[in-house]
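Okay, here we've got a single chain as structure tokens, the form predicted alone, with questions on binding and movement later.
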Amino acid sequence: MTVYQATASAPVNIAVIKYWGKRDTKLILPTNSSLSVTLDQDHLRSTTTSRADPSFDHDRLWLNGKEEEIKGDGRTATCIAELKRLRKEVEDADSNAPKLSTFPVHIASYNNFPTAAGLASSASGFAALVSSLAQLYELPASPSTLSLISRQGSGSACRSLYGGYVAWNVGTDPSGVDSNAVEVAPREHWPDMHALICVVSDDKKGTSSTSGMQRTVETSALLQHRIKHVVPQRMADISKAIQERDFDSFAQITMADSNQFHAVALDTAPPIFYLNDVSRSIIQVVVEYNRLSLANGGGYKAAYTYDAGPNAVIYAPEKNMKEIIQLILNYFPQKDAFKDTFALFKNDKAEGKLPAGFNKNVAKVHQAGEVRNLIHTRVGDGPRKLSSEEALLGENGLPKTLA
């Protein structure tokens, strides 16, 4: 008996030009374009296995080992239905193709990082779901076409259909057909881009992105200014910076856009607070780090950005990462030893240290654990096709026990 099954993994992406606000909540059409950096799946990923079988009673989904309801009008159901529709087109064109579009599916997904903690779990999750089903159904669809489907699961998921540097076009068509993801540059174009994720909290957010952005659309005058007058120019400028591997421009635009996104959240009624005191301290440390470099005739050395949560992502060229990690460890001691993914500290211990001339008073030294975890990663590739040995479903079509 043939087993129809496929397993895929997909990456996290962290935006440098932020998506905030929908003009269509069902199709998830954004109010502005956005741009992100795809992060390395060796460190952060969602893995999904999909199986189609006529013996299954109905479509079922398990996330991190726990079964989740697939609501009839929900985002997961929408993505599954769209992919089944594309599969039926394949079957209609080839009478010998198995009628997989008529079979119920079992889907198991696993994130190797906290869900709903501001680390874009829904983006990698829906990208992995769509990639897995597209492989299962053997769809002749481009990543850009698949991005139209993953967008309907989670807006930023469309950007996780590519590696490297990715733009999500705002589009103008009410159907959403032109609101897709496109590659600005592959990771090989600028592989030197690294990131340090400072996990300030892995708790679920107080205000979800979905409800937060709708409140902003309804009440923020600043958002309207951002949509019309700010984002289009920033999209052009940061795309140029990426093409030219110009970190100075990349850093300035990235930090300005993060600041404005959180200003827009503050301009919402009632205001939304995603940053906390620890988040703001990290900003002050990065600002002083750049000030010191600029004062000594150098360029920008790091760029912070924050999504809808308190966790910082610090982008920087690889050569600066050791110094940045030492800075963060100085102000935010860790309870556990730093996981030195890139062997930066093979000859010495990973501990706090300030560069000569650094103003230590820009932030207080926080208690150990206020930054719960540090994840050092880099720009990465797009969705991967995984082997059957990496499947999350057992022979019975139910999730394997995850260690």
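The first residue of the shown sequence is 1; numbering continues from there. These numbers come from a predicted model, not from an experiment.
The following text describes the form predicted together with a further copy of the same chain, which does not appear among the structures shown.
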Would a further copy of the same chain be touched by all three of 85, 112 and 162 in the predicted bound form, meaning a heavy atom each within 4.5 Å? no
So if I measure heavy atom distances to a further copy of the same chain in the predicted bound form, which of the stretches 140 to 148, 242 to 250, 269 to 277, 87 to 95 falls within 4.5 Å? 269 to 277
Just to confirm, with a 4.5 Å cut-off on non-hydrogen atoms, which of 281, 330, 320, 180 contacts a further copy of the same chain in the predicted bound form? 281
From 75, 262, 187, 301: within 4.5 Å of a further copy of the same chain in the predicted bound form by heavy atoms is 262
Although a further copy of the same chain is absent from this view, report whether residue 236 comes within 4.5 Å of it in the predicted bound form, heavy atoms only. no
Could you tell me if residue 295 has a non-hydrogen atom within 4.5 Å of a further copy of the same chain in the predicted bound form? no
Is there a heavy atom of residue 99 lying 4.5 Å or less from a heavy atom of a further copy of the same chain in the predicted bound form? no
Consider residue 335 of the chain shown here, and say whether it contacts a further copy of the same chain in the predicted bound form, taking contact as heavy atoms within 4.5 Å. no
Since the partner is left out here, which residues of 208 to 235 would have a heavy atom within 4.5 Å of a further copy of the same chain in the predicted bound form? 221, 222, 225, 226, 230
